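In structure tokens, one chain follows: the form predicted on its own.
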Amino acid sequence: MARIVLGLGAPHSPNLPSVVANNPGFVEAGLYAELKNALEAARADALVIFSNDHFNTFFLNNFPMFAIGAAPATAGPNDGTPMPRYEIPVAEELASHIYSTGVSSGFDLALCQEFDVDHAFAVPVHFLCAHGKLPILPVFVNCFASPLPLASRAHALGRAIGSAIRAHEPDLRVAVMASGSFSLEIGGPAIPPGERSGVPDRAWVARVVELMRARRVDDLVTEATPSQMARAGNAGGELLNWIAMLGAIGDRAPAMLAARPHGHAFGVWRWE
């Protein structure tokens, strides 16, 4: 049977690949390297990534709340992010299994069979598996188009996907990742004058990290209300990706969880 062997969390800021390329000593470079080492040590056969589209793969005329990408491969980034473009293998069989199992368990998931991805998926691929040998499984969570899914629903989605993975008959080692920020405003009113982005709610970032370190996921789900995520910025809903990942891996303490001043964090959950 398939089993989950690792949990990961990281930001997907589109400037990270170019910043790290020009400054290898950048702190985020070392943190992403730590995640890569954990992924390689876990000997994963596939990487499930909970993340969100920024109106590049989907748009408001057809923006699913939750979607599974099931295709032989995808490619990205499709949004002009200054980084290499990758052809990315997809764990299609596992994705199809999760889709059908999810629908059977009450999640009316969208299914994408022809799609590219933007930096939300391409940046983690760049830092963790750019060699192209590790298939990913994209799980799209609506973190931008209001109304967002409730945190409880995102957590339930993660639990359902975790159960589907464990019910998959082939003997696969699966890593599960969240990609996104906790507090981030992009080009909106809640940023400092003259800046393109900002962190509107640093106290919320600290609170999120505190709750995850203490394994108080139920409290995190309760406190991650639509109004709180809105106060955290127009990208504050990306926390839902982390909540879904936590649902998939179950009640576990992080082996590493490092908050950064840019409204995000890096985390590793390991138990083997």
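Given the structure is predicted, the values throughout are model-derived calculations rather than measurements. Each residue number is its position in the shown sequence, starting from 1.
The same protein also has a form predicted in complex with another copy of the chain, omitted here; what follows describes it.
Legend entry - Interface residue in the predicted complex among Ala160, Val199, Leu109, Leu134, criterion: non-hydrogen atom within 4.5 angstroms of another copy of the chain: Partner contact (heavy atom, 4.5 Å) among the options: Leu109.
Legend entry - Heavy atom of Phe127 within 4.5 Å of another copy of the chain in the predicted complex: Heavy-atom contact with another copy of the chain at 4.5 Å: absent for Phe127.
Inset, instruction - Answer yes if any heavy atom of Met83 is within 4.5 Å of a heavy atom of another copy of the chain in the predicted complex; otherwise answer no. - result: Because no heavy atom of Met83 falls inside 4.5 Å of another copy of the chain in the predicted complex, the answer is no.
Legend entry - Contact test in the predicted complex: Val221 vs another copy of the chain, heavy atoms, 4.5 Å: Taking the distances in the predicted complex, the answer for Val221 is no, it never comes within 4.5 Å of another copy of the chain.
Inset, instruction - Give a yes/no on whether Ala164 approaches another copy of the chain to within 4.5 Å in the predicted complex, heavy atoms considered. - result: No, Ala164 is distant from the partner.
Legend entry - Segment that reaches another copy of the chain in the predicted complex - one of 239-247, 34-42, 56-64, 207-215, heavy atoms within 4.5 Å: Heavy atoms within 4.5 Å of another copy of the chain in the predicted complex occur in 56-64.
Inset, instruction - Taking only heavy atoms into account, state which residues of 91-107 are within 4.5 Å of another copy of the chain in the predicted complex, ordered by sequence. - result: In sequence order, Tyr99, Ser100, Val103, Ser104, Gly106, Phe107 come within 4.5 Å of the partner.
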